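Let's start with one chain on its own, the form predicted alone, as C-alpha cells.
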C-alpha cells in the first residue's frame, strides 16, 4: 500500500534468496532503481526502474521515467521519478516516459493513463504516489499542499483533500483515507475521509497513539492500529469514538518499523527493516497477538531507491 523509501547506504548489501514466498508468486515485491557513481555528483539514479517479483524474477519497467523532471520539463538528475507499488503487488504507478503523464500498470494487463493536467506543473520530485492495497485508488500528494484521489480503472479524479492535511494511507479496502492535521497547541489530529474527500470523522488521539505514528486504518474506516516499539505492543484505536480499544503484546523479529497496513478483518502487516538491509514482513493477529513471518528479503545490491509493496 505504501511506498517504502530506503537510503542507498542501507541497501548496499548482497541479494539473498527469500526465506518465504508471498501468496502472490507473480506479484511485485518491490521496485528498484540502480545507483551509479558520477564523480563529484555522488551516486545518482541510472538505468530503468526494475520490478523484483516474489518469484525472484526481475522485470524492467521500460516505459517509466528514470529521473524526475523539474517544473520546466528538464531532467533533474539527482532524484528518481516517483514510483509506487500497490499493497498486493499487482499494480504500479509512475510517470510515463513519453507523455510524462501519470500511469498505472496492471501486471498481466494494460496501462491506464491519467488525464493530462491531473497533476499541475510542479517538480516531479515534489510529487508523492500512494496506491491502495488492491491498486484501485491512487493518491497523489502535490508538494506540501494538495492531495488528489484517482480511480485507477479509468483515471477519473474522485476527490481532493483539504490543504493542510497530510496523507497517511488508505484504509484496508481503499474506501477511505487517513490523514493528519496540525491542530491548536501543538496537537496533531487524525482525520478519516471518504475517497471522494468528504469528512467521515476527526479526533485528537491520546499520546499513546499520536507518539507512535504512522497509523494503519482498517476497512471499517474507523479502527486504527499503531505499533509501540518501546513496549512491543500493537495499539488499537477507534477514530470515531476517540477510544483506545486495546493493547496487544507482540513478539517481532528485529527491525525498525518501515510501514504498517491493515490487511484483513483481524490482521495488521508490518514491514521491518534491519541495519543489514533485510526486510522482514510480518502479519499480526489483532485479537491473539500471534505473529507470522510472511516474507523476508534483502534488496538488490546496486539499488539507490526502493519502492516496496506495503500490504
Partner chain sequence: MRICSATAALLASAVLGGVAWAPAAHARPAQVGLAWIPTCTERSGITVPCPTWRLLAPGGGVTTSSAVAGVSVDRRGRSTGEAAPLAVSADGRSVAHQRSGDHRLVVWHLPSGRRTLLPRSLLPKGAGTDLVSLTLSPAGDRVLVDYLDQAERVPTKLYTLATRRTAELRGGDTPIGFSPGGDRVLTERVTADNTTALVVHEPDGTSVRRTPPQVVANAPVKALARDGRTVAVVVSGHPERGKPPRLRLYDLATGKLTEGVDLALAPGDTPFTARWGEGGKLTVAVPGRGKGGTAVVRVLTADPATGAVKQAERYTTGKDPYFYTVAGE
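Residue numbers count along the first chain shown, from 1. Values in this document were obtained by computation on a predicted structure and should not be read as measured data.
What comes next is about the form predicted in complex with the partner chain, which is not displayed.
Exercise for review: Using a 4.5 Å heavy atom cut-off, indicate which stretch of 149-157, 114-122, 214-222, 182-190 touches the partner chain in the predicted bound form.
Suggested key: Of the stretches listed, the one contacting the partner is 182-190.
Exercise for review: Would you check, heavy atoms only and a 4.5 Å threshold, whether residue 38 touches the partner chain in the predicted bound form?
Suggested key: No, residue 38 is distant from the partner.
Exercise for review: Verify the contact flag for residue 210: yes if a non-hydrogen atom of it lies within 4.5 Å of a non-hydrogen atom of the partner chain in the predicted bound form, no if not.
Suggested key: Judged by the heavy-atom cut-off of 4.5 Å, residue 210 is in contact with the partner chain in the predicted bound form.
Exercise for review: Although the partner chain is absent from this view, report whether residue 241 comes within 4.5 Å of it in the predicted bound form, heavy atoms only.
Suggested key: Residue 241: no contact with the partner chain in the predicted bound form.
Review point. Does the partner chain get within 4.5 angstroms of any non-hydrogen atom of residue 71 in the predicted bound form?
Key: No, residue 71 stays farther than 4.5 Å from the partner chain in the predicted bound form.
Practice item. Name the single residue among 247, 266, 59, 254 that comes within 4.5 Å of the partner chain in the predicted bound form, judging by heavy atoms. Key: When the partner chain is considered in the predicted bound form, the option within 4.5 Å is 247.
Review point. Using a 4.5 Å cut on heavy atoms, which of 231, 100, 163, 77 is close to the partner chain in the predicted bound form?
Key: Partner contact (heavy atom, 4.5 Å) among the options: 231.
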